[in-house]
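The form predicted on its own is given below as one chain in structure tokens.
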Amino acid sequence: MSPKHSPLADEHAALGAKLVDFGGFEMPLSYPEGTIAEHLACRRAVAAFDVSHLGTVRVTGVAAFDLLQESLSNDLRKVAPGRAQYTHLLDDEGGVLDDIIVWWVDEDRFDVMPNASNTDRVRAAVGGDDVTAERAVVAVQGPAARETLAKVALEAAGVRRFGVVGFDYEGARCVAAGTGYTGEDGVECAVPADAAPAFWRAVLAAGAQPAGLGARDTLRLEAGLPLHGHELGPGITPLEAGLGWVIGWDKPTFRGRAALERIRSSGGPARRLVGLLTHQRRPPREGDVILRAGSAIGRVTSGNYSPVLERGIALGFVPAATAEGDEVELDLRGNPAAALVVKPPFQRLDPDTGAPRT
């Protein structure tokens, strides 16, 4: 099957992007300056990402709220129209079928944003219409994100963190949310497909550096943010991943609740997700064994080189009793590497001690 294309495909080609198949979409992995430069642009100034591969399932009508409340793990009563919420779609065993951002656009309209390859699965659970092809989503991220976006769309730039606002761009009605996946402040803008190329060019002209999926992954790993298929998935519960706050214990029902209640009542999960900070540049990789006193205690779920710390970092599941500050060893494909158990986000840690920078 041929990959789908973002409304910004021609823009990426014109910029010389390296394109890859991701979640059924052909998307930019990086641009000529490379992943590390794109990563540091986001940490230090502003970068723009095309994340149009993410799905948008639009659920509307008077029954939309109740349907999402019963289907997803978090409690929508914590928020209101004009707000966004991070949540999970669980299976009966409490495993994460997908992690999702819900944009509550107005009273009876919710834009449910699943991971690319899970759009059909989420739509089967919550109903609604798949409107993914009707828009592009541009994520403007970094400490200068709002200042930069204000030159293009002032109302979008003013959206509060996890807020949702409508805005106009050259006559096109758009939606912005104060969300992102980089560990930096920023805004994600859903722009109708026909207006998206001009919007993208305007954001770059305002000063944003284009960044691809490579930088998106290293940024989210530095921030300690989970990736579905790695730190989340069937067989991995929100409790194991340290995301118990996405569970709406105060609402009467949602799929997977009984399984999570059993884990909670038995003393909690047997394993937990931790950060691992190495003392060398060589990056850990998914599947590398985590050892303590010579015995395997877990495996790396995501690993890479940290451009900010200039050393290898990773996430992985270890026994629940493992504490921050504990020393472990990673088997990097036959090469041992000492590592420190830490609490992300990594970019805010001292690279030598693993303690939060003051």
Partner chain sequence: MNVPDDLRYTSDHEWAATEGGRVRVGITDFAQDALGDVVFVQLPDTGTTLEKGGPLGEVESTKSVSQIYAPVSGTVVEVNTGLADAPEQVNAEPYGSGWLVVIEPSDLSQLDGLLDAAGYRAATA
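Residue numbers count along the first chain shown, from 1. Everything quoted here is computed from the prediction, not taken from an experiment.
A second form of this protein, the form predicted in complex with the partner chain, is not displayed here; the remarks below concern that form.
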Segment assignment from 320-328, 31-39, 292-300, 51-59: heavy atom within 4.5 Å of the partner chain in the predicted bound form: 31-39
In the predicted bound form, residue 65 touching the partner chain (heavy atom, 4.5 Å): no
Close approach of residue 285 to the partner chain in the predicted bound form, 4.5 Å, heavy atom: yes
Proximity of residue 333 to the partner chain in the predicted bound form, heavy atoms at 4.5 Å: yes
Contact flag, residue 304 vs the partner chain in the predicted bound form, heavy atom cut 4.5 Å: yes
Of 281, 264, 151, 251, the one that lies within 4.5 Å of the partner chain in the predicted bound form (heavy atoms): 281
